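Take a look at this single chain, the form predicted on its own, given in structure tokens.
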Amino acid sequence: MSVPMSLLAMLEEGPMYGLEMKHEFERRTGGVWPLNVGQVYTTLGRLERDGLVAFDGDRDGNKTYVITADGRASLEDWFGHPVQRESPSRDELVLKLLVASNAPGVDVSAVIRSERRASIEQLQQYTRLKTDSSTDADVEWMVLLDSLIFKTEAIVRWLDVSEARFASDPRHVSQPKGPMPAEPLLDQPSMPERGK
């Protein structure tokens, strides 16, 4: 997710000040990705330094910005090219399974079952949100929910495949079985709220 490009896209619609952009960003993303107002102003400072936005005066005591021609060109370039995924981000869940698979006394299958249970609960929450959304829900909200659902489904499928791989590896079959964790080990993301 590119916060600078998101801010440029909002400024393409008209002049705004930082707090407006923070609220608009959170509204457009359903509150899933909260944005600190300090981050907005720091980002605007860099965009201004790079000539992509310009100061447009004060409105209601707030410094207002507009997009520049260079900013429009940069935004067009961003929309016109696929997102580059050069190196995979470090995924805490993947790291946890890799570490658990070699940790003495840890039952990697129990860890996987706990993670799967938490992911399925999260998937059910997202699905309920989608079901409860009215038929006139805005398309952006539905696209966001679809993304969350598909990503969580992929995690569940990956956990199923991982469990089967560990079960078929003799090094992991004979590991001592530890107790099943009482609580899900996955930090639950906060639920998005439409229109926040």
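Think of the rigid core as the biggest set of C-alphas that the two forms share within 1.5 Å after superposition. Keep in mind it's a predicted model, so treat the numbers as computed, not measured. Throughout, we count residues from 1 along the sequence that is shown.
Note that the form predicted together with the DNA isn't included here; everything after this is about it.
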Only one of Thr152, Gln39, Thr68, Thr29 comes within 4.5 Å of the DNA in the predicted complex by heavy atoms, so just point that one out. Gln39
Of the options Arg157, Arg49, Arg165, Arg128, which one has a non-hydrogen atom that comes within 4.5 Å of the DNA in the predicted complex? Arg49
Heavy atoms within 4.5 Å of the DNA in the predicted complex: does Ser133 have any? no
Residue-level question: is His81 within 4.5 Å of the DNA in the predicted complex, judged on heavy atoms? no
Please determine whether Ser147 contacts the DNA in the predicted complex, using a 4.5 Å cut-off between heavy atoms. no
Near the DNA in the predicted complex, with a heavy atom at 4.5 Å or closer, the residues from 63 to 81 are Lys63
Quick one: core overlaid, is Gly45 moving 2 Å or more at the Cα between this form and the one not shown? no
